[in-house]
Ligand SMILES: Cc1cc2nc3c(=O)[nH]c(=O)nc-3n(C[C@H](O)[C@H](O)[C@H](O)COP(=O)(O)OP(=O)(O)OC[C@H]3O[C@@H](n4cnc5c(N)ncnc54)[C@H](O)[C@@H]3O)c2cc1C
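We begin with a single chain expressed as structure tokens, specifically the form predicted alone.
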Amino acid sequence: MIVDLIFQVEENKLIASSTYEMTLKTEKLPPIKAGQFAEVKIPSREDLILRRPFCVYSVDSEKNSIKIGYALRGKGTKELSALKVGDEVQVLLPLGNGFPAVEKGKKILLAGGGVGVLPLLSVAESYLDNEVYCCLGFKDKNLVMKADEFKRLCKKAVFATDDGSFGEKGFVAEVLERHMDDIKPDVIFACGPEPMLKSLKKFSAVPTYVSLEQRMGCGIGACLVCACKIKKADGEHNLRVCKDGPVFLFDEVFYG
């Protein structure tokens, strides 16, 4: 059930270059699946009408708190970065379909790039009956985030940077190729920039689910701003990333 709640800011801190983590607490959280997201209303800015979508990448049901992550990209995120402990924000959640269930004991590989690694952290936290591995890529060491958490939660964590300043040098797909024979995953969950997602085509023999990053308006499927072409068995469809996604099968999205 989607609810519109008031949250209090418990923490709002920088976790990588121009990237923040905000911890929010409310009275009672609804159930939230790994891969679902929230739409946050920017407080005290009537000119910023549309809410901003952010992944919910950590959930503490006992404390009724969540963590969202965001990179500084415009007026809205700049306003969020200025919020202090105790400030209130209005949040619509949980939105989207999230990642699918995986049979107990199956190996899950997480492939992420940039801020796109954050939704994958919720998988590592939630799929405790599975062996979880990850390969995460960043431009350089200043943009690396949540490395310690991924190392703690994953059986094997591999990191890649374009310049080799952290982990292995190279892009996600080429670094991952060096480790696939050791991991032998049963399923791949991925999130990141489109070029990174497309590069996973070389692993298409493994069922792959991608969480798409898309501009959104309402977040509930009414405005059609986030429509994208998806290929199903009966042909092409214009589906909504916010309502029908953000998680789709790789072959449904990158079929050209």
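The first residue of the shown sequence is 1; numbering continues from there. What you see is a predicted model, and the numbers here were worked out from it, not measured in a lab.
Quick note: we don't show the form predicted in complex with this ligand, though the next part is all about it.
Participant: Report yes if any heavy atom of Lys151 sits within 4.5 Å of a heavy atom of this ligand in the predicted complex; otherwise report no.
Facilitator: It does not: once this ligand is placed as it appears in the predicted complex, Lys151 has no heavy atom within 4.5 Å of it.
Participant: So in the predicted complex, is this ligand close enough to Tyr209 to count as touching (4.5 Å, heavy atoms)?
Facilitator: No - in the predicted complex, heavy atoms of Tyr209 and this ligand never come within 4.5 Å of each other.
Participant: With a 4.5 Å heavy atom cut-off, would you call Gly192 a contact of this ligand in the predicted complex?
Facilitator: No.
Participant: Going by a heavy atom distance of 4.5 Å, is Ala147 a contact of this ligand in the predicted complex?
Facilitator: Flag for Ala147 set to no.
Participant: Any idea which of 58-66, 195-203, 22-30, 45-53 reaches within 4.5 Å of this ligand in the predicted complex, heavy atoms considered?
Facilitator: Selected range: 45-53.
Participant: Which of Met216, Ala34, Ile230, Ile188 has a heavy atom within 4.5 Å of this ligand in the predicted complex?
Facilitator: After the contact test, the surviving option is Met216.
Participant: If we check this ligand in the predicted complex, which of the residues in 49-77 reach within 4.5 angstroms of it by a non-hydrogen atom?
Facilitator: Heavy-atom contacts within 4.5 Å come from Arg52, Pro53, Phe54, Cys55, Gly69, Tyr70, Ala71, Arg73, Gly74, Lys75, Gly76, Thr77.
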